[in-house]
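Structure 1 and structure 2 below are two forms of the same protein chain, each written out on its own as structure tokens.
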Structure 1
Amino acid sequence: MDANKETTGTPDIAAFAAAFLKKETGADGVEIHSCKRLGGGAIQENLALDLTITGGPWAGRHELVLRTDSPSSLAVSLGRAEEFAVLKVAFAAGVKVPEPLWLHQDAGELGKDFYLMRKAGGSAAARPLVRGDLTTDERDALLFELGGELAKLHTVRPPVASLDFLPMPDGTPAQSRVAEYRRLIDAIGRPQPTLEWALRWLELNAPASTETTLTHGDFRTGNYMVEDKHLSAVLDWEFAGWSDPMEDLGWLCARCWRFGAWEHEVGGVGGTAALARGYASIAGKPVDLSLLPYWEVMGIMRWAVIALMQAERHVSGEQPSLELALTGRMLPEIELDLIQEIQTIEKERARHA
């Protein structure tokens, strides 16, 4: 056994992946140098593989990431085969994503699907980025890039044959979300007056949708990689779907995803002007930022529902966990965000009336 070999990941998956790659690439052999578990996946498990392929068109050394399901999946997220399909479409649209390479669709050999992609450089850690020492110009440059990536993704319109598993919104995307969140709250079965209050407001104020595009669904600080102060890859595509493109912008800017830096509206990184400029540079038309506050409220609502579902896994006894338990006690923070952000919009509206 190679002294440098690390087996902190899951060696049987690594060995399985090596055999899979040998077959898939027509190689003579595949040697795994290291297999390390990467952090940051409550739902998915990500393993970094450093390997050498001998023979065949892929001969050489490769740094890859293997993504598979972890034991606790959320029912609302995509499976790995579907996520792989989304990643391919996003890659083809020119979005900076880790290049998706091979998909293993399991027929009982391993017990779960996985796919392999190129490992992207940089770090996705949110707090160092938010608290870091980027200058205003550097922040603006990064926000410009984020806007551009979103605009590229939003050029993808339905229908796309390889994405036929993604449901279309029922009604406008906003109405569809309100109905979805009500269903999820009902499934938990505990009354949530504050969430119902906010949902009613979201229903009454739902914008007429102008367009439906491919959306990332979880585009926020912590889910994109930054290398040398620039965007290197957009990660975590399991919530992708057809929706209003403003939903992605609202989620990115929602107060719950600023990691304490509330003064920086876009993900705790900076202001919306640079983001909008970057978006417009690709979209070829200006972003209507007047719709952003509504979609930020929708984003906070989404987080409230996800937090509720995560907490329920502990409360129901399904998955006892300190982290999930504390997520339940975060709900008042999210409720406060909802009330304050809606009140701000209403005050602003009254001022202009």
Structure 2
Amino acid sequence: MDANKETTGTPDIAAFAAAFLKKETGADGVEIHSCKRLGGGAIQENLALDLTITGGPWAGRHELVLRTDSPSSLAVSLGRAEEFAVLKVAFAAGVKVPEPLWLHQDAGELGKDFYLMRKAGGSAAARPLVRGDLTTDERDALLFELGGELAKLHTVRPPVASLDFLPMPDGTPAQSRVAEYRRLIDAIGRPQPTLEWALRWLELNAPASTETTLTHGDFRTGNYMVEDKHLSAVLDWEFAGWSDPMEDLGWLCARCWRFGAWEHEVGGVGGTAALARGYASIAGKPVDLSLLPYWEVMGIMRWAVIALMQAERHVSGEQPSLELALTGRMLPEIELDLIQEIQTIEKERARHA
């Protein structure tokens, strides 16, 4: 085994993974040809493994991804064992996710959990996608696929025994989110008047929830992969939980995830009509798009809270990182988005009053 070839400075985890795979697959040997760190992953670390398994039922060449903890993580994100369980449920529901294969729950040998999944084809790069040469029909086709994948995920409803670690919302999902974000902002210990004002608006305008389903929690452009102009995989499940299915739709459509393509409401790709058609094709009922503006504001609030927490990881010295520091510097722009979105909703209400 040549675990050092083309590594990213993490030969120990590559060697450990090889030994782990040999045991799990009943192989005679496992050779790691390369171990490369994948881009992104501010919260988790992803390593692409190119390897050959000799002997046993898994004999052959494989391209896998090893997902493990970064040096520091957010308290609100799932652990790797929990994320693996969610991924298995999503895969069983027919959602396009990288097939989850093996989980290592650490007992002190390596110092952290990890799991292995098949490597999906395509790219998750957001800006090339939203600024690319997709035709209107191709954009609509992709949005239709995205809507269908969310609808498949939202067919999973509690209780699910393997997901008993996921807490149920305290009250309606909207009310539960407001309370959660208020606690997280208060824990930072510095006044955030714009965010507190927006939280109060979200509290006063919270819709009554009619259902609670499994939600991705971070379903947005940049967290799904596209290959040959079609959806190939949904990634990054560390924020999954039980919530209102509209929360996923609102997050996908929030202004902060359009990557400069402001005219395209759905993740910088296109309009809501194709997304809603794709969702309805699986759900068997139409999407109530009148609820979308509220959940877009909730999505912007979520991004503001994440930006605050990422910045805190840097300024506290927990994980000094230029990427985390720059994320924190985005807060004024996110606050402006909150103000503008709420003003737009209020003006529209006044116009129809």
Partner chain sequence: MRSLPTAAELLKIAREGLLNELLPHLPKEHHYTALMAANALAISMREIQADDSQHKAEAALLHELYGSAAPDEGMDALAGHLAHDLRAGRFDARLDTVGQLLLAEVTARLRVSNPKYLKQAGLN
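Residues are numbered by position in structure 1's sequence, first residue being 1. Here, rigid core means the biggest group of C-alpha atoms that superpose within 1.5 Å across both forms. Bear in mind the structure is a predicted one, so any value in this text is a computation, not a measurement.
Of the two forms shown, structure 1 is the one predicted in complex with the partner chain. Once both forms are overlaid on the rigid core, the distance between the two CA positions of Leu291 between structures 1 and 2 is under 2 angstroms. Superposed on the core, the two forms differ at Leu324: its CA moves 2 Å or more between structures 1 and 2.
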